[in-house]
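This document starts with one chain, in the form predicted alone, laid out as structure tokens.
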């Protein structure tokens, strides 16, 4: 099976490397020529456009920032749709609006092209390890056909339902992660302000009901002041924007998500959009006039 991979950023590069490790033949495309050359040294072939990728492969994985980028790559000039043969499958592993996933799938089906939406969770560390969680929407037979391919990049691959369902699941995931990071930030700020070691509080609570993957992943980063992005704040803002757009369309009030969105927007206004989303703690530090640390 020959695989195309479009989008070699923080997530896409390690994911594509894991496909190469799994012995898949890869054709890659990205605007960053440095990263495509890096993949070429590992055995990947470089393509110059999405159309060129589509002409050479059986299945294409896209890992792009947001809905407009996916639409441009798939339907735009020199896009996938111009080079695709009937029967090609696109697995969009970007985190985009579920509404756009459904629109894209409908357009592609007119040309005999299949689609799964399969966003991921886990950030850069799990992308590197190949232990991502993948949430998939689309036809069951397609899911079964490409399960092993997706599993080569992930610890968990779960079909949630029909097309768009994967991105609904990802939006739910991002709600929980955002609110969790906010809660961790509040707790560590309270401990610091009270003169109690945030590290000891973290160690005391992590084995109880307050323990979570988010707590273990993000509290140490906050205390160590390590805000190099595993998942950029700007990308979480993008996801929460999709959350709120979708919730408003469906008539579902999400007051906590909206509140965290505004906190993140305040940090972006302070120039922190490229920091890890654990930098949400800085919003609370500014309010309390204190810095979390060991």
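Residue numbers count along the first chain shown, from 1. All of these numbers come straight from a predicted model, not from anything done at the bench.
The form predicted in complex with a further copy of the same chain is left out here; the points below concern that form.
**Student:** Tell me which stretch of 198 to 206, 144 to 152, 84 to 92, 103 to 111 has a heavy atom within 4.5 angstroms of a further copy of the same chain in the model of the complex.
**Tutor:** Contact criterion met by 198 to 206 only.
**Student:** To verify the annotation, which of these, 66, 241, 247, 49, has a non-hydrogen atom within 4.5 Å of a further copy of the same chain in the model of the complex?
**Tutor:** When a further copy of the same chain is considered in the model of the complex, the option within 4.5 Å is 247.
**Student:** Pick from 221, 75, 128, 175: which has a non-hydrogen atom within 4.5 Å of a further copy of the same chain in the model of the complex?
**Tutor:** Looking at the other structure, the residue within range turns out to be 175.
**Student:** For the three residues 210, 254 and 288, which mark the spot I'm curious about, does each lie within 4.5 Å of a further copy of the same chain in the model of the complex through at least one heavy atom?
**Tutor:** All of them do, each having a heavy atom within 4.5 Å of the partner.
**Student:** Test of understanding: in the model of the complex, would residue 42 fall inside 4.5 Å of a further copy of the same chain by heavy atoms?
**Tutor:** The answer is no: residue 42 has no heavy atom within 4.5 Å of a further copy of the same chain.
**Student:** Classify residue 260 as contacting or not contacting a further copy of the same chain in the model of the complex by the rule of any non-hydrogen atom within 4.5 angstroms, answering yes or no.
**Tutor:** So residue 260 counts as contacting a further copy of the same chain.
**Student:** Does any part of residue 186 reach within 4.5 Å of a further copy of the same chain in the model of the complex? Heavy atoms only, please.
**Tutor:** Although a further copy of the same chain is absent here, residue 186 would touch it in the model of the complex, with heavy atoms inside 4.5 Å.
**Student:** Residue 96: heavy atom within 4.5 Å of a further copy of the same chain in the model of the complex?
**Tutor:** No, residue 96 is distant from the partner.
**Student:** Taking a further copy of the same chain as it sits in the model of the complex, which residues of 121 to 136 have a non-hydrogen atom within 4.5 Å of it? Please list them.
**Tutor:** Only a single residue, 135, comes within 4.5 Å of the partner.
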